[in-house]
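Read the single chain below, which is given as structure tokens and is the form predicted alone.
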Amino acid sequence: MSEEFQRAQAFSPQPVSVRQALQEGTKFLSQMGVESARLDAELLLGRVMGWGREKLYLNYEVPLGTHGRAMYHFFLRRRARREPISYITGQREFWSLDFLVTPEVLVPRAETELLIEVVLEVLGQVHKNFPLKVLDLGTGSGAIAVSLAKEWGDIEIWAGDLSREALEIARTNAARQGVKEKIHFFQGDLFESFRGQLGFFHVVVSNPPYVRRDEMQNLPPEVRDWEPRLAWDGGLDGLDLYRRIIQEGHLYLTDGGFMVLEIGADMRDKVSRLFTGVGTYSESSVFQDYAGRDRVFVARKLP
């Protein structure tokens, strides 16, 4: 790998156009085994130029300056080591919003946008005249909390995480999107900061870690080697956090409040049994993502 990498990274020092730079970057990333080589080359060069992908194609023959080319090559080498694109560019689009992303937080996934859709749907079933209260457990970059705050006018969100660094990223994203006044951030382990607020929240939402520990090594290197292990490791059976959230969560929900959880594609029956075992939830629903996989589990607290 190291010899191959040294050979492949010997970029030509000659001036190049945007078109040539894209060809060069695509070839290099392909040689290094990156499957999305062309797309990644476009995103990295776009970051260097400060352009979107469309503008790259409209300026194919524009020359790439010395400084820009050096930065582009630096980015390409980082990507060749399988560092996620979002960590290199420092941003990720989610729910049509731009989020600051660093190695301290999980990279928001498009599949999780279904979680936002479902929460918005259940909020519409909560008939209250005062601000609806939502608890986001394990907020990470704040993608869920910020997206909900942008979409729903009369809402108050409590967003928590164990990581102080992650919360700083989430606060920054809330400020950038103009919703920091709607979100209260707290550092803590799940419900520990709310022991005196029983029956307080209309919705508890979370995307807990759900990868089984013996499967962690099978994750793509972009995930396994770069993203926070805390955000993926679900314990021996992948259900460690689900047990705690489901067993305790009903205490903090209003009567008729909703628990909305993202789940792994093979977790439907196991999560359903956890809810049934608690005995305080009524109807439940499972929503599938656009690939037809189980993705979001919803249960409602008995009145």
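Residue positions are given as counts along the sequence shown, with the first one as 1. This is a predicted model, so every value here is computed, not measured.
There is another form of the same protein, the form predicted together with a small molecule; it is not shown, and what comes next is about it.
Shown without its partner, this chain lists K55, R244, K27, R273 as candidates; in the model of the complex, only R244 has a non-hydrogen atom within 4.5 angstroms of the small molecule. Contact annotation: of the candidates M216, A175, V126, L162, the single residue with a non-hydrogen atom within 4.5 angstroms of the small molecule in the model of the complex is L162.
In the model of the complex, no residue of the candidate spot (D154, L198 and G257) has a heavy atom lying within 4.5 Å of the small molecule. The small molecule is not shown here, and in the model of the complex it never comes within 4.5 Å of any heavy atom of P131. Contact annotation: P103 falls outside 4.5 Å of the small molecule in the model of the complex, judged by heavy atom distances. The closest heavy atom approach of D189 to the small molecule in the model of the complex falls within 4.5 Å. Although the partner is absent from this view, S147 stays clear of the small molecule in the model of the complex, with no non-hydrogen atom inside 4.5 angstroms.
In summary, the region of this chain contacting the small molecule in the model of the complex, judged by heavy atoms within 4.5 Å and restricted to 83 to 91, 118 to 126, 176 to 184, 207 to 215, corresponds to 207 to 215.
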